[in-house]
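Take a look at this single chain, the form predicted on its own, given in structure tokens.
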Amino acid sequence: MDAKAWAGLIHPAIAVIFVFPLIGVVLNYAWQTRQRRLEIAAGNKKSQIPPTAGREHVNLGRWLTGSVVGISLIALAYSISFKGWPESRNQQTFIVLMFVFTIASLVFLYRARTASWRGTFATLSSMGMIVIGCQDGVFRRGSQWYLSHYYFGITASVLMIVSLAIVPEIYQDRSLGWRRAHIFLNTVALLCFVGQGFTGARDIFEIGLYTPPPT
């Protein structure tokens, strides 16, 4: 294996070692938070679930969003760098600026306090992900988008970005509309993560790791 083959293992390794375990922890805290809320609503003031479950769910969810977007950008960077790096200097500059733009938008999303700015930076970071994903070299499996590792990954990333952006609204909305939207978005994202597990393994088998020609 050469440097290209090792680079191809970076994002699957991070997914297995860090991202998927974190998904399990966040999901567990989400379940605890919901169960505690239901117990309190039913009049049980002495729930065995600690009150910190909700805070841990939010904090780890913020980590999960950054991790999912980060691993998606790593995968896109690998595909573009080794399989579709353009010869045009202008195109190269554009791609680099799009990565910087997307990362900066996500950082500003974490720091934004008002709903308008959160919506703006969520939109910009999502658009950046999509534009980068449209570059040459990215294996999209467009004819089978419903079984595409790329589309599952981009969809999950965008849903996580939106979920991060609406967190403050969840605690301010008495009608529970934002909470239901949060549950729906993350349920779809969870299904995308499951799909990524299957399609990622399939693509590694089908595409295989790069093997340099014999010398």
Ligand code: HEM
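One rule holds for the numbers: they count along the sequence shown, beginning at 1. These numbers were taken from a predicted model, which means no experiment stands behind them.
Below, we refer to the form predicted together with the named molecule, which is not included among the displayed structures.
At a distance of at most 4.5 angstroms from the named molecule in the predicted complex, none of the three residues Pro86, Thr114 and Thr123 contributes a non-hydrogen atom.
Contact annotation for Leu109: none of its heavy atoms lies within 4.5 Å of the named molecule in the predicted complex.
Contact check for Ile95: every heavy atom lies farther than 4.5 Å from the named molecule in the predicted complex. Within 4.5 Å of any heavy atom of the named molecule in the predicted complex lies no heavy atom of Phe18. In the predicted complex, Thr102 stays away from the named molecule, with no heavy atom inside 4.5 Å. Of the residues in 23-49, those that come within 4.5 Å of the named molecule in the predicted complex through at least one heavy atom are, in sequence order, Val26, Leu27, Ala30, Thr33, Arg34, Arg37.
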